[in-house]
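Shown here is one chain on its own, the form predicted on its own, set out as structure tokens.
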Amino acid sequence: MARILGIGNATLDIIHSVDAYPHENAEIRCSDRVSRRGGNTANLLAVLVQLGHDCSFAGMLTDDSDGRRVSADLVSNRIDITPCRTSNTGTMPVSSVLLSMATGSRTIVHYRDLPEYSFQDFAKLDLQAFDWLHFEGRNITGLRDMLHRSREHYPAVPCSLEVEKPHAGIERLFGLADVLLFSRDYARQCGFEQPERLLRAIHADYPEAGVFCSWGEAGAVAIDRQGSLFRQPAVAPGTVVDTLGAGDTFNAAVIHGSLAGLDTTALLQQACELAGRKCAQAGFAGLVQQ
């Protein structure tokens, strides 16, 4: 069991299940509506706990009904929230999700008016207590200082960086992480229609990092530190129920496999299998077979 610290986001997700994604200006009914705790890093840690790790979350919470609900969910999932900061301004971030029953795809509208978890908050943490640090690629200025501190003072603690969206300046962080986790959205917004081309370009500039890119139904690709390319097809479930959080599940499995010392082939296979299992169910409860 490893001790893992995730620095990033937790949200309240409000999920509307619809038969199919609506046309603009349409008015439709949803077949189901649920709300649950979400957020990339919070999801990732919830999966890593099921994989047997001791996880802590460093992020922002609020002292209102939504914030208390998110906090309670994190605690119920055995995620330590001691490193969090509770804000007395703003509200808990909310992601409004349309989940298509026809395809299992999800469309997200995110609202946030909460301050970011700051470098000052992070600097108070004893990082020597952890075996792995995971950073969500947001709040780039603060994140740069956090990564520099972890590299300078705790170089033996490996760290991963999730790169989901092309935030201005995020590329300057790539050389500070041991593992880079890219999304299909990031690749496409940067002009790459094939994950291999993105990863070859990244590896050329940052050869010391292991680089991964998940590509939905097309599986995933990785390049290791020796420059070898690996491809893994998706493991499709019998029925796609909910793709929300599949990328977070993939990233959690990459961290788990890295900590276990798996070779890249086995690591990618495990990550795609777990992400496929996530797509076959709603939410994360019971994702890992005990």
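Counting begins at 1, following the sequence as shown. Keep in mind that this is a model prediction, so the values were computed, not measured.
Missing here is the form predicted together with a small molecule; even so, the following discussion is about that form.
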What is the one choice in Thr62, Ser258, Asn40, Ser56 with a heavy atom within 4.5 Å of the small molecule in the predicted complex?
Asn40
If the cut-off is 4.5 angstroms on heavy atoms, which of these, Ser95, Ser71, Asn139, Ser87, is the one near the small molecule in the predicted complex?
Ser95
Looking in the predicted complex, is the small molecule within 4.5 angstroms of a heavy atom from every one of Val179, Asp224 and Leu229?
no
Out of 26 to 34, 238 to 246, 259 to 267, 47 to 55, where are the residues with a heavy atom within 4.5 Å of the small molecule in the predicted complex?
238 to 246
Is Glu164 a contact residue for the small molecule in the predicted complex, using a 4.5 Å heavy atom cut-off?
yes
Is Arg78 one of the residues lying within 4.5 Å of the small molecule in the predicted complex, judged by heavy atom distances?
no
Check whether Arg112 has any heavy atom within 4.5 Å of a heavy atom of the small molecule in the predicted complex, and answer yes or no.
no
Examine Ile108 and determine whether its closest non-hydrogen atom to the small molecule in the predicted complex is within 4.5 angstroms.
yes
